[in-house]
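So this first bit is one chain, no partners, the form predicted alone, shown in structure tokens.
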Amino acid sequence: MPQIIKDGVIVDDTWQRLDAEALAALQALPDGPVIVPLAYWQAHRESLKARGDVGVCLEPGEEPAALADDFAALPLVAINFPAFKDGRGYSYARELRTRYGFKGEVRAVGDVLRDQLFYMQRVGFNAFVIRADRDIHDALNGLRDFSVTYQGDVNDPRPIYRRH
């Protein structure tokens, strides 16, 4: 079973991510937790809400506002980083946590590297799928690259001079 980093530890990944091509080849969704593209969610919203174990994957350009009415039904929102240089996913995660108050899992998928994890955590990600060609144990250390931050984040919005 593949592993991910979730809430600061390495755990087995129980979710199955299905892209549009995989969904087109299926007669029905498989049993168990699945992550589907936004377009599939929007086309089958009511039946997927009833399952309770379906998450949505946002691609760059697909705003979290598209899910604004559905956050109560979603246990997970994945945000895809198709390339290291595309940082829109950082804004999406922060928006999910601060604007919509989303309490579920916010998962980074795609080109996710160790050097990004600390900053991703600060904007609201709590789960990370590390690229297959990278060591997940080394990546876990990326969450602890810095022990002090000056600015606030989604977990503690206070700047350093207001924390004591």
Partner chain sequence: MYVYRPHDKQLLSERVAQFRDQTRRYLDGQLSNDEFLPLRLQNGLYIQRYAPMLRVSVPYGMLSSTQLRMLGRIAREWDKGYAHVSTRQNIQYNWPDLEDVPDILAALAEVEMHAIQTSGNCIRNVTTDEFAGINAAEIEDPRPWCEIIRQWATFNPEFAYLPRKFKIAVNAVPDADPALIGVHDIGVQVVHRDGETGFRVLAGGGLGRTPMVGEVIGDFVPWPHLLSYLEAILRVYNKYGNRDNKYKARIKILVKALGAEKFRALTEAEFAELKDGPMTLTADEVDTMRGHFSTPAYDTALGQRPAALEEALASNKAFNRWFHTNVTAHRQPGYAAVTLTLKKTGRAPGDITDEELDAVADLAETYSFAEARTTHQQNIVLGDVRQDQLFPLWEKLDALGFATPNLKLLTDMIACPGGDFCSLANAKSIPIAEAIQRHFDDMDYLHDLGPIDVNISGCMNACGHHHIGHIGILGVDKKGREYYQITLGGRGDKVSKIGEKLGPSFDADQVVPVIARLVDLYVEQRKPDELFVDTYERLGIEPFKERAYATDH
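Positions refer to the first chain, counted from 1. Since this is a predicted model, take the numbers as computed values, not measurements.
Just so it is clear, the following notes concern the form predicted in complex with its partner chain, a form of the same protein that is not shown.
Peer 1: Select, from the options 50 to 58, 34 to 42, 66 to 74, 108 to 116, the stretch whose residues sit within 4.5 angstroms of its partner chain in the predicted complex by heavy atom distance.
Peer 2: Looking at the other structure, the answer is 108 to 116.
Peer 1: Answer with yes or no whether V148 is in contact with its partner chain in the predicted complex, where contact means some heavy atom within 4.5 Å.
Peer 2: Result yes; V148 sits at the interface with its partner chain in the predicted complex.
Peer 1: Is the gap between P82 and its partner chain in the predicted complex 4.5 Å or less for some heavy atom pair?
Peer 2: P82: no, not in contact with its partner chain in the predicted complex.
Peer 1: So, in the predicted complex, is H137 in contact with its partner chain at a 4.5 angstroms heavy atom limit?
Peer 2: No - in the predicted complex, heavy atoms of H137 and its partner chain never come within 4.5 Å of each other.
Peer 1: Taking 4.5 angstroms as the cut-off for heavy atoms, does K103 touch its partner chain in the predicted complex?
Peer 2: Because no heavy atom of K103 falls inside 4.5 Å of its partner chain in the predicted complex, the answer is no.
Peer 1: Who in 63 to 99 is close to its partner chain in the predicted complex, meaning a heavy atom within 4.5 Å?
Peer 2: Contacting residues: E63, F84, K85, D86, G87, R88, Y90, S91, Y92, R94, E95, T98, R99.
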